[in-house]
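As structure tokens, one chain now follows by itself in the form predicted alone.
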């Protein structure tokens, strides 16, 4: 025997039953770890060897949950914070729409954890210099034999005693497997050859990809997005009977979070109550809406002095007059929504909060035009 350290003593058995019958007795009489090598999985073998339950299931569960939460957090941040965009009327934080991506990322995390965790952490593969790879017993195991190895794992073992025990409990042959010689430091030529091979493979892959895309720019069913059938806005369509490509909403439907305005005339709107508090933020919002949409006709001060020429023809209302100042908020809101005389509806330009904020700002203009003594700071 050489001076190398002993890795294991391996006994070869003819059947799985002989192997399993020998394991309990050998475990009682040998204080060393056991490992079995079989040509196919043997039910209950891991329990006889004293192996603990595989932690792969727990690892996959934890990483799957982490993957699902990571995908959910990323989607919430991108679609609700970084790039908010309302699609089909759904709210920004619509977790139901995120489920497919969450499922895919969960499977991705779980699959990588199962594969890499089993190979790298538990089985510690790839192990190209495993001592059993050079054993004469391994070719027998890959066919129809069963091997039981008593491993040293850094400790001293009694080879003769273990050999007698294996033969006593049915081993047809016994082999002593030595530790392989220590691997030397890789030479510079090895690294140079490896890097050269990697470089050549990368260049060939890029060259082949480039010319494949040049020679076959369109490969069905993968086509360029610009070549896919689509309908541009305002363009006609022969698919629909009316020839129009842009479709009206289905009758009776409303946008999510929007309440239809059903009041028919200004008198009925008088009972509406402004839902916004008169705060500085609301007044700033109302001023912005007024300056962008109303000041061009009604004037910056709301006094009806328009900035338009005489070609305009219409006479804008004086919004700071006593008659209009005496109107309730609901009637002013109704005019913004439904329009009046030459004034068109601004329901499409202003949201509900912007309309009510504009009404608040009109009250500010009216109070400024009809200031009282107590309004003057002392």
Partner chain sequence: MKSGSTLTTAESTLQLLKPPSVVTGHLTIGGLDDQVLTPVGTKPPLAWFVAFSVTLSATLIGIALIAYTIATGIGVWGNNVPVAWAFDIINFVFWVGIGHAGTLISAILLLFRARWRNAISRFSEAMTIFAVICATLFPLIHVGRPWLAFWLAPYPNQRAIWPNFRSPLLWDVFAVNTYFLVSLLFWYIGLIPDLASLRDRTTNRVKKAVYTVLALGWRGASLHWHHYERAYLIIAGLATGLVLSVHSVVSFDFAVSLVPGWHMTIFPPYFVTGAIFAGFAMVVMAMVVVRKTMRLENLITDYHLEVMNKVILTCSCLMGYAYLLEGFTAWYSMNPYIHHTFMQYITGSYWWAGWLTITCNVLIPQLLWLRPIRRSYSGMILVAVAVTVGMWFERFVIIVSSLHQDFLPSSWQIYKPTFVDYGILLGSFGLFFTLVLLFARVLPVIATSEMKMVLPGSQPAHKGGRHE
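Keep in mind it's a predicted model, so treat the numbers as computed, not measured. Positions refer to the first chain, counted from 1.
This protein has a second form, the form predicted in complex with the partner chain, left out of what is shown; the following refers to that one.
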Which residue, 82, 271, 242, 158, is the contact with the partner chain in the model of the complex, using a 4.5 Å heavy atom cutoff? 82
Checked 289, 177, 162, 105 for heavy atoms within 4.5 Å of the partner chain in the model of the complex; positive is 105
Can all three of 259, 264 and 360 be found with a heavy atom no more than 4.5 Å from the partner chain in the model of the complex? no
Using a 4.5 Å heavy atom cut-off, which stretch among 84-92, 201-209, 296-304, 242-250 contacts the partner chain in the model of the complex? 84-92
Heavy atom to heavy atom, is residue 310 within 4.5 Å of the partner chain in the model of the complex? no
Is there any non-hydrogen atom of residue 33 lying within 4.5 Å of the partner chain in the model of the complex? no
At 4.5 Å between heavy atoms, is residue 63 in contact with the partner chain in the model of the complex? no
With a cut-off of 4.5 Å between heavy atoms, is residue 123 one of the residues that contacts the partner chain in the model of the complex? yes
Using a 4.5 Å cut-off on any heavy atom, which residues of 246-276 would contact the partner chain in the model of the complex? none
